[in-house]
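Next up: just one chain, as structure tokens, the form predicted alone.
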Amino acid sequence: MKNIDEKKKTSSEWFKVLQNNICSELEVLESNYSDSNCKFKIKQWKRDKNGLDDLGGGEMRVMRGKIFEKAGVNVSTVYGALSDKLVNKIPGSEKGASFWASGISLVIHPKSPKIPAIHMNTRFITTKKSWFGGGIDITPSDKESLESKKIAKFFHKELKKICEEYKKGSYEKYKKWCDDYFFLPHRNESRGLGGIFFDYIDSGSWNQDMKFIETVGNTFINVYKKIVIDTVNLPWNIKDKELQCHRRSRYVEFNLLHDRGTKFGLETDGNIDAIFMSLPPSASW
């Protein structure tokens, strides 16, 4: 069994490896399917609070290409004391305000309305307790099209496979959690076509939990590559683009009004640009 420092090191190093792998794969897709040679622009940042600059930081990577209109892949490792707003709301914080959190978060907004937008994040957090959280979900422009439903069926099939390998029955639990979470109550509609969402994972076998987190990341790469390759050359028109901008508006509303990661980032003095990286390059209401 690893001690807590080893767990922090192993998890934070994995998130950096995954960031490298994802960015490399997206750059290859961008190069293979357009005349663009776009690369991710990298920006490092440090967390600064009340003059203290030793509270961690992260690395933003953003690419704006012809296939991926905006792709952001961020990693961060931050630590310190939770704000009064978060104490007693985060597990373990009732016994002390200190925390450590490391993770990866990505959002991809493709140019083509036929390629679904996608979000994925995984994280490891410690207070007086420790746990994993994260999720992966897909947002096609036209949720009702047979094309989108076919993509979602494949997407969910692959997610079910990895969840059931990790723990029997977990897929239905994580799928429902995702459906309930990525829902806009003020619109009475879902954000997209779902996926999985999980939090507070601490099965008693840290290595097994960590392996699941790694599998989620690797599955994202394999699944999204196939989806992009299958949809990148599909024709689209101005009505498709208008629908994409409409769908993006719902994405904006959710991330600004309801997203827990956005709220956690703001309340722990995270990097504003990194927090709002998830927002699309354009949207319309």
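Residue numbers here begin at 1 and follow the sequence given. Note that this is a predicted model, so its numbers are computed, not measured.
The form predicted in complex with a further copy of the same chain exists for this protein as well; it is not shown, and the discussion that follows is about that form.
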Q.
Quick check on Lys39: any heavy atom within 4.5 Å of a further copy of the same chain in the predicted complex?
A. no
Q. Taking heavy atoms and a 4.5 Å cut-off, does Lys70 contact a further copy of the same chain in the predicted complex?
A. yes
**Q.** Non-hydrogen atom contact Asp240 with a further copy of the same chain in the predicted complex at 4.5 angstroms
**A.** no
Q) Is the gap between Val17 and a further copy of the same chain in the predicted complex 4.5 Å or less for some heavy atom pair? A) no
Q: Tell me the stretch among 214-222, 232-240, 28-36, 255-263 that has any heavy atom within 4.5 angstroms of a further copy of the same chain in the predicted complex.
A: 255-263
**Q.** Residues within 4.5 Å of a further copy of the same chain in the predicted complex, restricted to 252-285 and counted by heavy atom
**A.** Val252, Glu253, Leu256, Leu257, Leu266, Ile272, Asp273, Phe276, Leu279, Pro280, Pro281, Ser282, Ala283, Ser284, Trp285
